[in-house]
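Just one chain follows, in the form predicted on its own, and it is written as structure tokens.
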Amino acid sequence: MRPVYGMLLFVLFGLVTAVIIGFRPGLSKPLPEDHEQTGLRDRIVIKFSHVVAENTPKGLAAEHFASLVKQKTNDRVEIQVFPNGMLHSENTEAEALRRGEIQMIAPSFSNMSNIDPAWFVMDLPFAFPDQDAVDEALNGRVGAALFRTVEKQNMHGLAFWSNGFKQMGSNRHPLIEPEDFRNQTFRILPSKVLASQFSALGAATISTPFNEVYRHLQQGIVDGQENTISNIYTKRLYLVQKYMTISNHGYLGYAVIVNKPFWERMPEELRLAVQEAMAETTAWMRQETKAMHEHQLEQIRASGAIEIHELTGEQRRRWEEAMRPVYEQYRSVIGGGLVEEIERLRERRAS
């Protein structure tokens, strides 16, 4: 009886085990899929790192772009935006992009000069009389030449974004005549052209990350800085500056750059959708930037925290004359006939 009893126990154990593990007819059929989770695995993620606040033109454009990409790709591509230097500063973002640690950045033109000196052309003082002149240059030969410089760096250029024209600020005294700059120290973006611009005015410069500008002004490490209205407003720089001059002497724009191997691996239909979203965002940003600067300048004036002066035509002419040597200093460094192209466009628009 013992063998029979043992056999019965074995069979009973097998049946109990089958029930516990879910053995039942039809188990060989595939189990239902969670399509939402499958979609998450297939989704392409693009980490977009930048260094300014969310409520600046670039910050708003990045979020707008992310929303459009989600719609146009049916959520197959996700743009994860990291503002305010959360992931990388101006000094580290380009190398992180090359390594593939992040997939997209939007550095200023000045920062792009660290990659190739051709980008210095966008820092030349008084190079553009208005936004239309900037658009003509970047949509033409100048823009094409600049984007060619990044291809050999494992990068691919997608668009040029606008933050408008820069204004001058100081804590010493109003900046009205060129000699008013003498013996002051200004914070600048990392660009030799910008350093030479201030040197031509008798001023010294230091280059620091954007997120440190407020503290350096507050502590007197620098006397002044140059920036767009939106950056001055959103970073509250007008609260630590006594004087501002509406000079429109230089242009601040961004190159939206993607990691080239990553971009080339993306399915063509998704690349086209992302490019379409980028084109729409670029046009949207241009309109938003103009309206934002007008409103924020009114807010700065209304605060009463800073004295504001606007250059007259004659004062502007004297500033241009004082900074003119920078063109000859960098003509051969920039190369490619780009300085000549900028001059030709400016003269044609002035005639």
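Computed from a predicted structure; not experimentally measured. Each residue number is its position in the shown sequence, starting from 1.
The discussion below concerns the form predicted together with (2S)-2-hydroxybutanedioic acid, not included here.
Undergrad: Tell me which of 145-153, 186-194, 118-126, 131-139 has residues with heavy atoms within 4.5 angstroms of (2S)-2-hydroxybutanedioic acid in the predicted complex?
TA: Partner-contacting stretch among the options: 186-194.
Undergrad: Would all three of Leu97, Ala255 and Lys260 be in contact with (2S)-2-hydroxybutanedioic acid in the predicted complex, where contact means some heavy atom lies within 4.5 Å?
TA: No residue of the spot touches (2S)-2-hydroxybutanedioic acid in the predicted complex.
Undergrad: Answer for Asp223 alone: is it within 4.5 Å of (2S)-2-hydroxybutanedioic acid in the predicted complex, judged on heavy atom distances?
TA: Asp223 lies outside the contact set for (2S)-2-hydroxybutanedioic acid.
Undergrad: May I ask you to check whether Thr73 falls inside a 4.5 Å heavy atom distance of (2S)-2-hydroxybutanedioic acid in the predicted complex?
TA: No, no contact at 4.5 Å.
Undergrad: Would you classify Leu60 as touching (2S)-2-hydroxybutanedioic acid in the predicted complex, given a 4.5 Å non-hydrogen atom cut-off?
TA: No, Leu60 sits far enough from (2S)-2-hydroxybutanedioic acid in the predicted complex that none of its heavy atoms falls within 4.5 Å.
Undergrad: With a cut-off of 4.5 Å between heavy atoms, is Val52 one of the residues that contacts (2S)-2-hydroxybutanedioic acid in the predicted complex?
TA: Yes.
Undergrad: State the residue from Trp161, Tyr233, Phe198, Phe210 whose non-hydrogen atoms include one within 4.5 Å of (2S)-2-hydroxybutanedioic acid in the predicted complex.
TA: Partner contact (heavy atom, 4.5 Å) among the options: Phe210.
Undergrad: Of Thr245, Gln241, Ser113, Asn227, which one comes within 4.5 Å of (2S)-2-hydroxybutanedioic acid in the predicted complex, counting heavy atoms only?
TA: None of the other options qualify; the answer is Asn227.
Undergrad: With (2S)-2-hydroxybutanedioic acid taken in the predicted complex, which residues across 70-92 come within 4.5 angstroms through any non-hydrogen atom?
TA: Going through 70-92 in order - heavy atoms within 4.5 Å of (2S)-2-hydroxybutanedioic acid in the predicted complex - there is one hit, Glu90.
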